[in-house]
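The form predicted on its own is given below as one chain in structure tokens.
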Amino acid sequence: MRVTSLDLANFRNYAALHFEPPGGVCVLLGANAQGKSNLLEALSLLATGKSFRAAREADLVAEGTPLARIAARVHRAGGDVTAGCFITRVGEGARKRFVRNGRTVAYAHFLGTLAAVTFLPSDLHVVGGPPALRRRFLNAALAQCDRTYYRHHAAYTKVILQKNALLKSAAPDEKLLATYNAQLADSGSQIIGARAAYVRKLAAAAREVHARWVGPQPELGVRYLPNPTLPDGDESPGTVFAQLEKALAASASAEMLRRSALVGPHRDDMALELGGVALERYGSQGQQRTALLALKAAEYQLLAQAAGEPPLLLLDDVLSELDAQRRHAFMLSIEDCEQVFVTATDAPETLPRTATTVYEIRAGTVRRAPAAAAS
């Protein structure tokens, strides 16, 4: 799939933009704070329904305006579709409305209209940051691959919030807690099963990509660490459900004491290793970035399989802090992608051998770079 047109109105620093990107690799050049990342953010929002960096969604709306609009025409194997998102200021917050082919749809039905894999500098925290960031990575990847996963995760999140609120009350109702645990065992076991299957495929693909870039040693390893731990790695639905149900019952007293839900996929983690040792502790920043890029390349492969066609690839400042060999290997690795957007402050010394178009972005305007800059 590829975006054939993108329209922005009052989004970040774009008062108005009509952009018709070609296929292949689009390199977006410009100084800091000119709008390169904002453009990628708009595309990512149409894929995931969420900003990849805004702490407050009201910040997506240009200062002094009540409404921002993002709209795109997407060429897909089954025919063209249109996707849109309207973001309206509401007090200190914002409300979003999603549109597919001109009709307002629920977020769950909007997912999948456009598919994209995004790399940001902040994604390095997936390696060394808290487990919540690795869970967020899995949730975002799986939600685009499978709407069923999104429904199970949404249901689980709702019940976890209710359970935690109940545990913090003066006298938690034990029967209601048991009801919540039954619901959590149902949706939670679905989440654990989906994550286990996904990480197994992700690990194999990422290991292959990493070896192609830097050689077979040290080997990149990715392991799923479910909560609760599964006996002998048995990921069958019945075993996962029984293990989670058992763990929820066994943790009841501790949860009452600590007034918090202690068991379930909201406490999962994922281990990243290089040569059998923890990447976050022993890997250099270059090794961590290379491993994360391999992980993203694997995510791209799996999303392409799930969607039946290649997704967009959105790469924000991806080349910084990679040495020349890794930059060269990476740029050549993306030349077969259907559509890629790469931001940079300076033109890369290596460009893919396939169709590459260079644009200059300045103060919320986009124009094609002169031939000399694109060569």
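These figures come from a predicted structure and were not determined experimentally. The first residue of the shown sequence is 1; numbering continues from there.
Beyond the structure shown, there is the form predicted in complex with a small molecule, which is absent from this document and is the topic of what follows.
*Has each of 33, 53 and 63 got a heavy atom lying within 4.5 angstroms of the small molecule in the model of the complex?*
Every residue of the candidate spot has a heavy atom within 4.5 Å of the small molecule in the model of the complex.
*asked:* Which is the contacting stretch out of 42-50, 328-336, 55-63, 304-312, given heavy atoms within 4.5 Å of the small molecule in the model of the complex?
replied: In short, 55-63.
*asked:* Even though the partner isn't displayed, in the model of the complex is residue 13 close enough to the small molecule, meaning a heavy atom within 4.5 Å?
replied: Yes, contact at 4.5 Å.
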